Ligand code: KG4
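Starting off, we have a lone chain in the form predicted on its own, written out as structure tokens.
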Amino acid sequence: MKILSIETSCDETAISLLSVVETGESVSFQVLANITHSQVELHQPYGGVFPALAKREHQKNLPLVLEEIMMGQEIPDCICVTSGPGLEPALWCGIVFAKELGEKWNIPVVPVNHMEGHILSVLVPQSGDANFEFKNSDIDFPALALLISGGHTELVLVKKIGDYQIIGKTRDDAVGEAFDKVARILGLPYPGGPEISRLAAIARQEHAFNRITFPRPMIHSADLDFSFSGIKTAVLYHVQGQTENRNVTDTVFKLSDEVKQDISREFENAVSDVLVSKTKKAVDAFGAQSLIIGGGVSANSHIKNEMKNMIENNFPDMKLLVPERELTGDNALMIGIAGYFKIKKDPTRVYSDIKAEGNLGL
């Protein structure tokens, strides 16, 4: 089976072509082509993704990326496309494009949940090998998935592939959103996560002591939900306290590099402490045998190291599965993989009314 997959949930225009072969109890994947076109530079002046601009760029880039993907390739057996969650104007671009291709090639179109894609992105080996194999034994079930990105923070119980239960989620800002908002407060460029992590790393190396303390919202709550808006507000109040004499017309706070580094370290520490604490609590509560971390923030080295330490100290037999760095963000390859398992689960189903669902749940 050859699957063409399309991902346009936010500001990446991504298409991949995947060949899938079932061999006994395993599944062999071959990545024939995989392209992700980023719009980050276009959205930087806005400090975040501007939906109308993202839509325009998707409409312009989809035909160009498809032409490159299909160069020398035969028509696939089906098309998988992200239907949600995400920015609806952006999602519709991919869906309309997929439907038109489906009619032109006379092949089925299958909608895929973007968050399931992030869960299954861990099936691609860290080596980035274009040919890889998956066996059910590669993931010990039940598994726990921590999905952390610009738009989502969720704890998902994975009973098996295709069977998911959300057991915890953010009540306000997603963790990636909090990183971006704090970066704006500090006058850092978009996207904020990588820059905050860079400054935090400098602080850990050069500043012996934490001179700032931020709260860890909901870290001791009985449930598995998150809240990150309070940490962001604490950063804002701290920065205002550091710059009380600034001109009221200023839109950017005047902070030294050292202060920015200290704030970045403590903010990243606070976020990491909450994520680790809630994840440990979920593992204990549900007896998870594997931990999956997916989404754009899963590329954060400090969070990954803290999760690894938590597992080594508390659950030494647990598997930790994190996607290779190139697949932590939005990409079409993960949509193709998720689409394959969806097709396998119900191979005769026809999806005649695919629509964009910005708040689609698992």
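Start at 1 with the first residue shown and count on from there. No experiment lies behind these values; they were computed from the predicted model shown.
There is another form of this protein, the form predicted in complex with the ligand, and it is not shown here; the text below is about that form.
Within 4.5 Å of some heavy atom of the ligand in the model of the complex lies at least one heavy atom of Ala299. Contact check for His114: a non-hydrogen atom falls within 4.5 Å of the ligand in the model of the complex. In the model of the complex, at least one heavy atom of Ser149 sits within 4.5 Å of a heavy atom of the ligand. Taking the partner from the other structure, the ligand in the model of the complex has no heavy atom within 4.5 Å of any heavy atom of Gly336. Here is the short version: of Pro76, Gly193, Gly94, Gly168, the single residue with a heavy atom within 4.5 Å of the ligand in the model of the complex is Gly193. Screening Ser197, Ser290, Asn269, Ser227 for any heavy atom within 4.5 Å of the ligand in the model of the complex leaves a single hit, Ser197. Residues with any non-hydrogen atom within 4.5 angstroms of the ligand in the model of the complex fall in just one of 172-180, 227-235, 76-84, 97-105: 172-180.
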